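The form predicted on its own is given below as one chain in structure tokens.
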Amino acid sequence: MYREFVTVLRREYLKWVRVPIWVASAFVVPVLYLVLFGQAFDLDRLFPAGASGSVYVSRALLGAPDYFSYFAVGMVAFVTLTASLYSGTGVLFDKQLGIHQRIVATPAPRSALFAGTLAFRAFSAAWPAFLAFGVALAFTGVPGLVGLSVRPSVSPLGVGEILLAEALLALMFTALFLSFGYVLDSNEAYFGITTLLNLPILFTSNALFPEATMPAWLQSVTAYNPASLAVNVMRENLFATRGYPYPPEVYLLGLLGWAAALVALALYLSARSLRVR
């Protein structure tokens, strides 16, 4: 199984590097969001000036020093979700070109075929998120731009929790959208479903907007959104922990539950497509 898994990984890698615009867009899009949306949409300016305004900002942003810092960490979830939307397109194109049928006809274990594709697609969804995080940190040294401000010291445990949260987020969303590529046969159906899911997942999370600005019913939904769980882990470790009802480990457990459920669902949905017919 290991040999087949590595072979699938290599195939996915070669498909990726042979389309430079794909790699370049994964680099440019997060930067554009940080430069345009992040710098232009500054919620801090909407709060009253003075000490009372600072207290309100601090409460609403749950310890983040400013809105851009709050937004930049949320961009990690946003970029991961956006990048994972296209996870199933490679399977769709393989079906249309007849390649998928030849791959399935090989004696390679079905689990290796799925796991190899999932592993590389999850990686390709995760690295732009870390890029966005690094660019936001670099903005602190650019005159005229607001940058990501974090507390002076983040523990090694905190760094590990941040990496694990991002890995789980990329894994679960990639598995979900990859399974749609196996189940569906038309591009229109695939993009229709992914587009339908994208905005509800994003806007029922606290990735871009503080929960304090949401109605009570939406706050209840936001608390269980996997994107919110991942972002909470990151923000609690990067900013002063204030206002969160649970420690990061509890949110990580929730993410593990989501990841297990979505990967299991993806395996179930893709099993039929991976059978020899």
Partner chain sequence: MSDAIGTEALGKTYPGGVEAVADVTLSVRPGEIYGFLGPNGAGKTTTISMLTTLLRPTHGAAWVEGIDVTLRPEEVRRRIGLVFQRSTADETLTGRENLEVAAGLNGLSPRESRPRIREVLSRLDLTDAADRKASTYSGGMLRRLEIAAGIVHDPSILFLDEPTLGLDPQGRAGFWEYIRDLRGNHGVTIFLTTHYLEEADRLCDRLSILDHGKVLATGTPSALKETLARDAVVVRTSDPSRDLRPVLERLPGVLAVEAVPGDGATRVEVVRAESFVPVVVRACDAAGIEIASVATRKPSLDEVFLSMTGREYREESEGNHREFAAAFGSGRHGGR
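These numbers come from a predicted model, not from an experiment. Positions refer to the first chain, counted from 1.
The same protein also has a form predicted together with its partner chain, omitted here; what follows describes it.
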### Summary
In contact with its partner chain in the predicted complex (heavy atoms, 4.5 Å), from 162 to 170, 106 to 114, 72 to 80, 141 to 149, is stretch 106 to 114
### Query
Should Gly98 be counted as a contact of its partner chain in the predicted complex, where contact means heavy atoms within 4.5 Å?
yes
#### Entry: in the predicted complex, Arg272 touching its partner chain (heavy atom, 4.5 Å)
no
### Query
Can Leu14 be called a contact residue for its partner chain in the predicted complex at 4.5 Å between heavy atoms?
yes
### its partner chain in the predicted complex - contacting residues of 1 to 18, heavy atom within 4.5 Å
Arg3, Glu4, Thr7, Val8, Arg10, Arg11, Leu14, Lys15, Arg18
